[in-house]
Each structure stands twice: as C-alpha cells, then as structure tokens.
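Okay, so we've got a single protein chain in two different forms coming up as structure tokens, structure 1 first and structure 2 after it.
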Structure 1
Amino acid sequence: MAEEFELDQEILVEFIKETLEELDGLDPKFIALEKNPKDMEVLNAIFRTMHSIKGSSAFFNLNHIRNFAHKLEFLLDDLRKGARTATKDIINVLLRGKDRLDHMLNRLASGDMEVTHTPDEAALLKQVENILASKEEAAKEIKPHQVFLEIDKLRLDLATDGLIDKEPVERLLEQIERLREAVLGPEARPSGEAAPPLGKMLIQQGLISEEDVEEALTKQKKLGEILVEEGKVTPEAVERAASDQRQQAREIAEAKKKKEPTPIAGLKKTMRIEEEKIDSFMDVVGELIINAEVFNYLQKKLEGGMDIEKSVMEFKNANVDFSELIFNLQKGLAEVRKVSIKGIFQKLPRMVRDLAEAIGKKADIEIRGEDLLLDKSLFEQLESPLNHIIRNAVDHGLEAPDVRQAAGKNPMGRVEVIAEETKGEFVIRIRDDGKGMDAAKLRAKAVEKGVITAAQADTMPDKEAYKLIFAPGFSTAEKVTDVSGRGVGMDVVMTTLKENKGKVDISTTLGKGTEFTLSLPLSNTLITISGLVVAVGKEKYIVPMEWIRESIHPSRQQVSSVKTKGEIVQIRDHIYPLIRLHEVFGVTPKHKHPWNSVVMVIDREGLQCCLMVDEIIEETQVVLKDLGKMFHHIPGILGGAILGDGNVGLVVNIEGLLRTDARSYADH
C-alpha cells in the first residue's frame, strides 16, 4: 500500500516538473505566433503541449488543470483550423492562461491538493468560454466530413472524461450516427467504436422497447441479496459488511478533508544529465582503480627495498597518471553542472512584450547565444540582474513610439541580448537603441538624491557616472512606474555581480542607445591560475601572472613622494603609483623601503601601478578555490589556493585592488 503511494508521488513529481518545463517553453512560442499568426508549426507545437497537459492531468484527477488546459486546447484548435485568427487579444488570453496553469502546478507542488479554481482562474476560464462562444468567421462553408471528424473527437473526450450524465448524450450520438450514414453513406461509421450494449441493440432491432430495458434493469438484484438467497452468507453478515463499507467511505472522505498541504517531497533541485556524460565518468573511475593497483604494487616493491631507483621512476609515472585522471574527473564534473542559458533567455521575449504593452511602447527583442552553457549556480544567480537590466532598457532606454518616429527612428524599439563566452568569462551584452544616458543628468540627480556629493560628482568620469543607476535609492524615472523606477532593483544587479566577482560596464551614446556588458568569471568551473607566490611579512600571497609586466628592485632614486598622489615609482620614462601590499592587507612587512623590496609592475587594461612585496618566492600553478561568502566582499582577494606545503594561499585580485578607491561610492 505504502509503496503504491510512493510510486504515485514519484510520477506526480515527474509530471509537475515536466509540465512546468514545458510551460516555460511556451512563452516564446506564443510571441512567435503573435508575430506570425499563420505559423502552423508553432501552433501545432503549442497545441501538442496543451493536449498532453490535458491528458496527463486527467490521469492524476487534477480536474482544475485538465479543465483549464482543455479550454485552451479548444481555443488553440480553432486557431489551427483557421476558424479564428491569433489576434493580440487571443494571445493575451493564452499567455495569461499559461500563467494560470503555471500557478496551479506550483500550488500543487506546494502540497495544495485542492482541485478547484481561484476566482482569477474562474474569470479567465469564463473569458475563454466567451471567446469560444463568439463565432468569429464561423465556418463559412460546411464540409460534412469535417463536422463529423469534430464530432468524433468530442466523443472520444466524452468517453474518457466520464463526467456528465451519459444517457442523453448517447442518444444524441445515436442521432448523429444516423445523420452520418444518411449524409456520408453507411461505410462512414467511425472505426474503433465499441459495440452498443445488448439492451440498446435489441431496441435498435425493434424487438423490445426502452421501457422494457429499464424495467428489466430495476429487477436486477444487489450482489448481497443474491448471495443471501443462495445461502452463501447470512443476511447479518451482509449488513455488517455494508455498514463497514459505509464507515470506511466516511473515514476516507474525512481523511481527505483533513489532509493538510505539505510540499510534495522530491521536488528538490535536480538536473538532467546525459547518460553519455555519466558513462565517461565510469571510464575515468575504471582507470583510477587500475591506477590504485599500480600504487599497491609499488608499495609492496618499495617495502621490499628492491630496485629503489626504478620504483621511484614508476611511482612518478603513476603519480602523473593519477593527477591527470583527477583533473579529468574534476573537469568533467564542472561540465556536467552546466546548463543551457536558454532557460533564462526563453522567458525574455514574453517579459519584453508584456512590459512594452503595459507602458505603451513597442519593443522587439533579439537573442543570440542562447545555446551557451553555464554553471547551474551562476545560471540561477544571473536571472534577476539580467531581468532588471532588460526591464530598465525597455522602461527607461526605449522612447515612446511617437518620440521615436519624430527622431527618425523605427517606432518599434529594439533590445538585443547576446551571450558570449570569452577566456574564463561569461559575458552577456544587453543593447538597446533608445535614447541613451546623459552623464550630466545622472550626476545632478545623484547629488540631489544624496547618493554622491557635489565634489564627487565633479571628478567622476562619465563611465562611472553611468553606473550611478545601480546605486540603491537612485532612479532616473520622472514618474514611478509599476515596472521600474522605484530605485530598488537595479542595485540588485550590482550586489549579485559583486557576490559572484562579476562586473558591469556601460557604454552609451545620447540618442543612439545603451549597451550593458555583464561579465562573470566562470568561477565554479575549474580555474587554474599561474602566478607568482610572493612573501609579505609572514604571509604568502599569489599574484596572477597575467597582470605582471615585470618585477624589479627599484633604486632609491626611482622612488619619490608626490604630495597629492602619494608615492610613485619611475621606471624608464613611466611613472607608476606605488601600492604597498602590506598596507592594503594590514600585515607587518620585512622591509620598510621599496628599494629593499621587490616591486611588480602592473600595466593592463588602463590600470597601472607598482605593487610592493617583500620577495618573490616561486612561480606556481594553482587551482582557484572559493573562500566562501564570508570573504566575498574583500576587493583585493580573488580566492584561495592550496599551496605546495598544504596551507591556503590567498590569490590577489589586482583589478579589485586597484579599482577599490574609484568605486567606493558605488558601495554606499
């Protein structure tokens, strides 16, 4: 008994998951249909999805879902047959219907087994019914076999539903059959139809009347009566069983009522993984087992003290194999964790459409790179900032259609979303062809709102001024809208990106548009860093090699102090500001003066400095490890790495270190 329930639960969980996924995929299809209402391929795809939702929900007795999907299916079928066209209104209803289905499934997932409709749902259902009842371009020409095909489909539904009183319907169907034979000929009888019951056949053959059948049916005795008559049981036993039966029925009904909603177990985060990927792990594990055998063999050999030199050689080889296998395993796992960014991207067209409609704008969205894979945890974190930026682009970036037209632009605004993967970074660009951002306006607004001081505003470069829109409490919208403009939201972008060591860049041209570039390090995948291990006081740090142009022992003459800029180092004809790593990290150095220490010259991506450390110990290759949330806020630390001695070394984030001062206002 318990096992049966378990099985049901499992199938139900699978159904919820799959259906939610399918519903997610519908939005872009609806949008595509709106653009091209005659696209049969899209229409059929939507229809199939709806049909299968109807079918499976009937299987689970989820009548509210079944009912809803069924009505939507009707509407879709009308579109498919060309009896109706997919107008904006109809698409709106379909989209909202899809949302309601989504909601019903989520209710189900949270353990609410109630199969009734909320007022919202009932209202929408009514709306669908009204549309269905209105005869837009109702069949202009009657094609008898089309009509009968339709009837057959209805019959099948009736047969599976079993919800209504069958008797009058069956009589109705009989009449239809007679009509069919008359119109299409006797061979047109639908295939696969079950033979009518005996009574009905006798009536048809005119041997008996309906009254006869009914009378005969009332004469049928109950099972208990027959058994008593035949002396198989006593009447008391039958009565007892019958009362037990009633009692059990009551108990079951009560238990059903009492059942409180508890979230359905098993709806934990899951991932689908291709079998092939798992198989490749098995291969690696197989090799590791062989590898372990080699180590066993070598251990015995070494214990015996024979051929030490050769054994050491063999040991080295085995060790190399081992490292390689582990590396493959780790790389493979990182690969398995990746999911397609499509999951986020496919929701965007709907969002842009709804938003544009709500605020009276016209917007089109183009998406590229949706097949790129991204680590699942990053994927989940990225969704909210991405949504905020796109909402912002539509709400604040794009102008109203008449304004666009007056400016000689296409009234239909355009948003492009492009995903790319470059070396170690996942980049998403969001580009709009709206009005662009005005740095002067942003500065003034920020001062007014108290986000920055007037003095800060004066020295702030344009590129930084654009980022003011991410500051909490800052909003450029003149009036508050439902969608954006409350100044909450955009700061989510900054927070999320910071937590993931990502960054955002903005470039904009007044009147032409704006481009946001979100970049995230692919941190959960295996990142190896080649760097220099440096010593500062008692501590060791790793400085990524890619940032270091050269390392020098400066002479006393090369170092000087400038009043406004602090210490500088002159190397050939270049002047670099000096940053003492011990000061930034608050440790006591071995050497006080730069001319006794080493400085590393950093000059990349417009960032220049000389970084002072005590000494350079060695060059190394390390795997970057996340230190955990407790340490994510530290701009100068990229993460940790296990050094050769087994201790943790901190990897310096040069960019974070150098940008800290310039960016500090964005933090508050």
Structure 2
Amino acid sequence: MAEEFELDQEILVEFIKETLEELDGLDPKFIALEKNPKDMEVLNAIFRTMHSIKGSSAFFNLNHIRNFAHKLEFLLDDLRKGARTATKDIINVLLRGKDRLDHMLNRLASGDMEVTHTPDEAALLKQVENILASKEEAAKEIKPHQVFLEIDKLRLDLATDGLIDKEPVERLLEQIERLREAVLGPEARPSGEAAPPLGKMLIQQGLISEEDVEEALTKQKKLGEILVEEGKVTPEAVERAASDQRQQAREIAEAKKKKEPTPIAGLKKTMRIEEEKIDSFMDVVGELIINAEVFNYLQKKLEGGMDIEKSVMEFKNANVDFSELIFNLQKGLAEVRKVSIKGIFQKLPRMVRDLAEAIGKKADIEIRGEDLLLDKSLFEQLESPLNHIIRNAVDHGLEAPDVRQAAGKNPMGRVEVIAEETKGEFVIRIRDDGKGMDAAKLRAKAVEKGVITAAQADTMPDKEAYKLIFAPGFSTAEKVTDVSGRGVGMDVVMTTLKENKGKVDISTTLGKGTEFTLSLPLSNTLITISGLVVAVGKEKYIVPMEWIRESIHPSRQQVSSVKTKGEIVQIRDHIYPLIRLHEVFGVTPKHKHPWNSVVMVIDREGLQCCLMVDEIIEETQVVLKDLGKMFHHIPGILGGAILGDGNVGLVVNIEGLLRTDARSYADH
C-alpha cells in the first residue's frame, strides 16, 4: 500500500509523464511489428521501452506496474529469441497490455496509490502467463517463470493431499517464495484490508478449531448454522462474532472513504523548452528594458519642449526598434509553444487497425508530415476532429474487401494523412481510396431528416452537399453500429474548426475516394492579423490584408444592377458583385453611393467581390480576440481587436461573409 513507503512527488510526476509518453509511442511500433514480425529493430525498441518501465516502476515500489511490465517483457523476450512469432493474437495481447499500463499510470496520476490489479488487469495478466506457459512454441531452454508455474501446480496437489500445513513443507514453500521474488520480482499480495472470515474469528476467540471449520465447509449450509446444529458453538456466540465482523467491515469501509485519492500535485500541463530559447528571450527582454529607458528620455525632452523636431525623429526610431523587438518576442514565443504533431499521428495506425478489424475490413494508413510543428493549444484541439474524420473514412469511405476486389481494387483499403504548412496556415489532408460520396444521396437524406428543405436541396451545389455530413444528427449509415451510424461525431469536426477559426473542404469522386482538407491558423492563442482599418458610419472594422487586391473609387459608369445578381462593379472588363458593409452590419453609412465611397476589391481562393466602405483609415496589425459564443453564429465576424485609440473594432470574416451570402460571390 502507498502508506508503506514515501514517494518523492517531483520525481514521481516526471516518471508518470515520461512513461505515458513512451507508451504513446508504442502503438505504431506494434503495428509495424505485426506487418513485419522479423523486424528486430522495432522489436528491440519495444522491448527497451517495456524494460525501462519495469525498472522505473520498481524504483517507486509500484509493484502492480512492475509485475505487469515484467510479464510483457517476458513475452517480448520470447519474440526476440524466436521462441514464438508475433502473430495477430500476440500483438492484440501486447496492445491490450500497453493499454492496461496506461490505465494504471492514469490511476496513479489521479492519486490512487493502490498497488493491486483490477479484475481486467488480473485477467489479462493471467492470459499472458498462459501464453508464456504454453508449450506450442516453447523455447528449448528452461525458463524461470515456467518452473514456478509447475511449483504452483504442485502446491495445489500438496493442499489436496493435506500436506501443505506440515512444518517442513511450509518452510520449503517460504523459501520458494523468496526465490520467486528474487528471480521474478515481488508479487502483488492481498492488501489485508478485508474483514476476516467468520470461521477465522471464531477460531481466534477459542470457540472452535480449524478442523471444525473445514468439516463445516464441506456441507452446503451457512457456517454459523452448521456449527450451532452440531452444538459446537451457541447461537449467541455466532451472533456476537457476526456483529464483530460487520463492525470491522464498517470500519474498513469508513477508512477507505477517508482515503479518497487526490490527484498528484504537479501533474499540470507542461512543456519542455530548450535552454537556448530561454536565453534568446532574456536577450530580447534586456533590449526592451533599454528601449523603455529611451522612451523615458524622449518623454522628458518632449515635456520640456526641447528640440521638438529632433525628438520626434528619435521617437520614430525608438518606436521602430520597439516594434521589431515585440515582433521577435512574439515569433520566439510562438516557436516555444510549438510541439510535433507526431504526438497525434502516432496513435492513428492503432486506431485504423482496431477499427478495420472490428468491422471486418482491411485498411492501411500512410502518414506524411508527422515532424511538422504546431501550437500546443491547437494540438490539443485537433486530435478529436482528426480521429472522427479518419474513423468516418474507414467505416463509411472504404468498402468491404470483397466489394473492393469485385470493383478491381486492392482488398486492402488505404488512408493517407498529410500535414503541411501553407500560406501561414496549418493544413491536414485526409484521403481514402474508397467509394466516394454521392451528393444526390446526401441531399435526399438531409431532406428526409429535416436538415434542409426540398427547395434548398434542388439548388444546393455538390460542394455544399458534401458538407451536410457535418450537420448534427446526420448519418447515411444503413445500420447503426458501435463505430458510427448515429449521426454523432462529424458535427464535432465543424464545431472544433469554427472555434479555432479553421475551415474544411471536401473533394470526392464516386468509386475513387474522398479527400478532406482541414485548414487552421498556426496558433489559436495569439493570432495577429495585418489589415486595413476602415470606417463605416461611426464604426470601425478591420479587413484582413490577405483578402484585399486593391482599393478604388469607382465611377458611376462602373456600377450597375443586374436583376439576378444585384449590384455589380465592373473593373477592367471583370465584373464583381458589390457588398455594402453597412447593410451587412446594420450601420448608417456616411455615403450611400459606391462612387462616393471606397470599394475594396476582394479576390482570393476563387471568392471575389467588391466591399463598399466609407473610407480607409490606416494599415495596422492587431491581435485577434474571441468575442464569445454569442458571436460565433455570425458568419461575417472573425473576432474583435483593440485599436490604437483603445476602441474595439470588429475583424471582418470575408470568407464567412461570401460563403454564406444568399447570392453566389464566386467568379462570374
């Protein structure tokens, strides 16, 4: 039990963190070993990890973890020696063993210091022992654990023959247990917290003998009744012993309640940072302190009215230096917060393997870009939507092996996951070579479920129909399974992406497969936007610079109306639909006509329009702030930003504005 030894909390915290990280890295290694059972490099890497866990847990007297890892180590050692082969069944056992170790460590992290195994852990441990004891592929050399298993069988024979209580036998068995502990490590023993049996309590009170208990147990009645009937004890004595037993049980239960586990202090979110990066921060901070002194000096000069023109020039130079230092600090902090996406990707092969096996399919996964770095907060948000899309690809996208073969495909389905950084965004592409998505079927199912109306379905383009799978409760599965089919899961993808200012695009071809493209900002903790501050009436908005191609004052002749498309602006033989920003946000403008206003030409990713504002005030760089859930449903707002004058300006979400407008602002 935990009270029998003292733990160094700081070292224990590090052990838990590092061991959980090591276990996370085992899944892809087990999958690789299953594909190539003779890959000794992978096998040795797994063995080293298990050996390390065994040794480290022994240091903390965590015998339940040590014994479990030790048994798995024996099994891995058999594979290394060629005594048995890494079959699918063996890999299944090893994967389940890795999961059990993970659970033990998480229990420990929650403050549960119990060192006995749960029933599930004990059952799996027994399965591993049975495999180790099997003679099907047993090695020629004698193995210690097999000898002790044979001794345990002999122990049962001795007990059956009534010889186990003989003093020489007891001494011999005690020495064997010492030998077992020395060779295999300490075995987890009963905690001793259970109330003693009734028979044992009566023996302790001197009322009956052990022979009386053994004889009574051979009869199919309660022990107390049997002993009373035989006149060996009075009913009152049995009741007193039973009362004492109940009292002890209550005391034990109360004691357990008082020992409710509390999470181990120190197990908070942490990051490992290279010392070199910390040094660079200190250098920047030093420069900022110097810069602050320059501003103090200039403030005194300006307050004293000394050489104003020269002071203004010095102020401009100091401000440029300050801006550069802030930029370097921000860039450095962004790099510090980045972690490798490998932490998510290394779990995917196991997930695809287990899912395909559960639904009777064959699937393989190829991963590229796993060394790419992204912000840690985004890393934590990305895992769930990525898992949902891949599960959907395996369950809904890939066909059954016989169906694929009949279609001339490889029975083994394929999923590709590619991560890359493009145009300042983090992009993940998930491709499958399955059956593809049928837009007509999706529209029909959406109408059936009341997600859209029949009229909306008739005018909905295929590209938008594919995104219907993200609607809450939407599913095309003909059969509800444990994997999918209840219309839950995929809506999580869209919700998470919206919360992190991301988007998803889908491209698909019937009979060939589907590709999901997730695009997110590189960070969701500190998002800076370069944009133009524009005025519309008394309000100020920030339009992201990346969307703006140019700004013009159109002439009357350039602006006209088209019955089916509304107002348009013609610029160099190209026609753009006109969006009045004051109409979008319900603001009273200074100018009602485009030729008196400023028109910003928006042209990016196939989305084009002219955005009408009163005037452009200045170019700026702002930090994007989330305005809260009440603004999330407004497609034209990306967030808010504090401007130089202290007021808040809304950051315009150009893409959301164009994609959700009733009119199509695509290329005309």
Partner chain sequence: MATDNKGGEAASAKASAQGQGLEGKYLTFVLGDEEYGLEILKVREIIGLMDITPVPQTPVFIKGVINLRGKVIPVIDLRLKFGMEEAEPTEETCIIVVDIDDTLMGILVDTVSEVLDISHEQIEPAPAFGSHISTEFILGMGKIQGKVKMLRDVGRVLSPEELVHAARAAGQ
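For clarity, every value in this text was computed on a predicted model and none was experimentally measured. Residue indices: 1-based, along structure 1. Between two forms, the rigid core is defined as the largest C-alpha subset superposing within 1.5 Å.
Chemist: Which number goes with the form predicted in complex with its partner chain?
Modeler: Form predicted in complex with its partner chain: structure 1.
Chemist: With both forms fit on the core, is the shift of the CA atom of residue 625 between the two structures 2 Å or larger?
Modeler: For residue 625, whose C-alpha is compared between the two structures after core superposition, the shift is 2 Å or more.
Chemist: Examine residue 359 after superposing the rigid core and state whether its CA is displaced by 2 Å or more between the two structures.
Modeler: No: residue 359 shifts by under 2 Å between the two structures.
Chemist: Does the C-alpha of residue 532 move 2 Å or more between the two structures once the rigid core is lined up?
Modeler: It does shift by 2 Å or more.
Chemist: Core overlaid, residue 311 C-alpha shift between the two structures, how many Å?
Modeler: Comparing between the two structures after core fitting, residue 311 shifts 5.7 Å at its C-alpha.
Chemist: Can you give the C-alpha shift of residue 236 between the two structures in Å, rounded to one decimal, after superposing the rigid core?
Modeler: Shift of residue 236 at C-alpha, rigid core superposed: 40.7 Å.
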